[in-house]
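We give structure tokens for two forms of one protein chain below, kept apart as structure 1 and structure 2.
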Structure 1
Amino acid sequence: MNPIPLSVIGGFLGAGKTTLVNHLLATARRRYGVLVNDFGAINIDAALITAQDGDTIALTNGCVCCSIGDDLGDALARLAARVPAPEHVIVEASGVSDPWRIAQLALIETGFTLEPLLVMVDATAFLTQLADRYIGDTVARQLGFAELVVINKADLAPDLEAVCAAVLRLRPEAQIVVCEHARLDAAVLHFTPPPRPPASRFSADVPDHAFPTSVWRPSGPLDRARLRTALEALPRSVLRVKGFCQLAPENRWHLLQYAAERWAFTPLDTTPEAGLVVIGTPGMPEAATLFAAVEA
């Protein structure tokens, strides 16, 4: 079974996370499973709801919306066990949390593959928030490991360039997408966006984003200790590493997921195709260079 793509959406209160989630649900072309931190705050059009059972809401288009609860892994397991399972899971982090603390837990979930960490910014409030004595550091910390920064409410911001500059100062590695009313195509949820449907008056005109990727196919098992060393030495221009490899000396297959200085090798009982995909910023080195020394 293919792993289910998992997107984490962070950003401060008012940045438009819930609006984006509602927009994605309303325009869904896939079955989304949405996990929200603050279940009381979701505001789904009543006409879309088919059933509500405790902390799960089912929608007419096959999507579901649930509360994260105290354990992300448990919430993910419950979603994956649904029939039919969601085709893409979206986690909406709480507006005051550090979304990276949540996202990194997905690195050890073999059933899921972590898509870009998306952090939303309210263009009209961001500069004020950064200067706020109570929340300035929270807002900055939320961007710390963002991979895609969505600058929302761009139409209302008098100083959009200054907002973009501030975002890039805090997180030069991130890609930036600018939008209004949190109206974004589902493509933002992916490192590698799927082909777009033909243009129509129903599809929003959104800017593209593209993360450079590089693939390395090892010719045999890898040395565990040297792979660790290589991961520890990765430059900040490398955002992600994911893929499958055999680790010597047992030569067991493992799933490797790396993001933002955190990683996990998770043993597998299957025999996948070997290969590590490296995703990063335009200045990133080739994958083969990064992992030259790790073959056993």
Structure 2
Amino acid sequence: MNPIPLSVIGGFLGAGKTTLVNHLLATARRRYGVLVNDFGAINIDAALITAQDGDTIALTNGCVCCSIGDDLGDALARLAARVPAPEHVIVEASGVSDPWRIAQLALIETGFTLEPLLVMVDATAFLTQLADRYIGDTVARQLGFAELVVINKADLAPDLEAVCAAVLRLRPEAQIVVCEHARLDAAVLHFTPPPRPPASRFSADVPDHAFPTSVWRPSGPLDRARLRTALEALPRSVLRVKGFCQLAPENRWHLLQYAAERWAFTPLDTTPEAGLVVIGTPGMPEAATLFAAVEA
């Protein structure tokens, strides 16, 4: 049985990893099996969904999207055992993890072959992130073994040339692709990467850098204007906000995503569990404190 190509998509919080996964699923020309950490953030067009069973969504184009859960190795095995098996597996790394640690599993486990390691960069925030004393080392480390660097949000970057130069300084061996809205042709995922260091079980088990996480579950709808004010006032220690909430006065459910001082509300036709997850650097206030005054 031929090994299944496996791509790992890494990058810091808000770089556009989930948007890229959505784009690849919607435009797929092969059967993708996709593993994600944040299953609820995948916003798949309802017209593409044929079935949903727990943490698995099957699509009309033969693709399947699953939650990683607690064991990546087990999730990979379950994908490989599907009939028919995926033609290509994509793993979305969490925003604060080292994607090389995940990529090494493809070099260790049988049944998979590692495609070029893809790391996404937010062109609007990358230079500031590198200079931040709390997250700069994490952002730089994520690029340490990158073989394909996708510089996203190029249309919004105040100095795209400086971003490209910084990426080249950190990882001159990588191929660089510039894009907008994470729209990437799947063909760029496939090329012969440069020589890699040998995989190591030990290094694959090194714990991720710790980032404080706080969860707030509102008791009812949120006032849209007050929520916008709260988002504008978030301290620099807040890196990412993701979650589901109802917005007054229509009380419709929305997916909220915040990163790099930008946010978006995406209307939903489902009824998810209310809650906002806040990820930040040491000293970040509790989520309940940050959003205490936004309930309608």
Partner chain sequence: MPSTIRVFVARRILTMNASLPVATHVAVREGRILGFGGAEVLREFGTVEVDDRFAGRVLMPGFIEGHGHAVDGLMWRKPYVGFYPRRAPDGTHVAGLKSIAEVVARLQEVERLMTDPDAPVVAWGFDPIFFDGPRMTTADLDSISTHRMVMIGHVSGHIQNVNTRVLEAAGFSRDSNLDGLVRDANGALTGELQGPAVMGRASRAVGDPGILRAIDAPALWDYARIAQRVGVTTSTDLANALNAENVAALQEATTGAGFPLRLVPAMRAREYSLPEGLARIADLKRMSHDKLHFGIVKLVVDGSIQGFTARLRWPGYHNGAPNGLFYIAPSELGEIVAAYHAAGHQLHIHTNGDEASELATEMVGRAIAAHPRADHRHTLQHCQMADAAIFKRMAAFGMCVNLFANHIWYWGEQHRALTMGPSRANRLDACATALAAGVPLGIHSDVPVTPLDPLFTAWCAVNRITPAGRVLGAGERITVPQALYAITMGAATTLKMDHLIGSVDVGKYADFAVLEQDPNDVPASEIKDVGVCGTVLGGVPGVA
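Fair warning: this is a prediction, and the values are worked out from it, not measured in the lab. Take the two forms, find the largest set of C-alpha atoms that superpose within 1.5 Å, and that set is the rigid core. Structure 1 provides the reference sequence; residues are numbered from 1 along it.
Looking at both structures, it is structure 2 that matches the form predicted alone. Once both forms are overlaid on the rigid core, the distance between the two CA positions of residue 276 between structure 1 and structure 2 is 2 angstroms or more.
With the core held fixed, the Cα of residue 25 is displaced between structure 1 and structure 2 by less than 2 Å. Relative to the superposed rigid core, the position of the CA of residue 285 differs between structure 1 and structure 2 by 2 Å or more.
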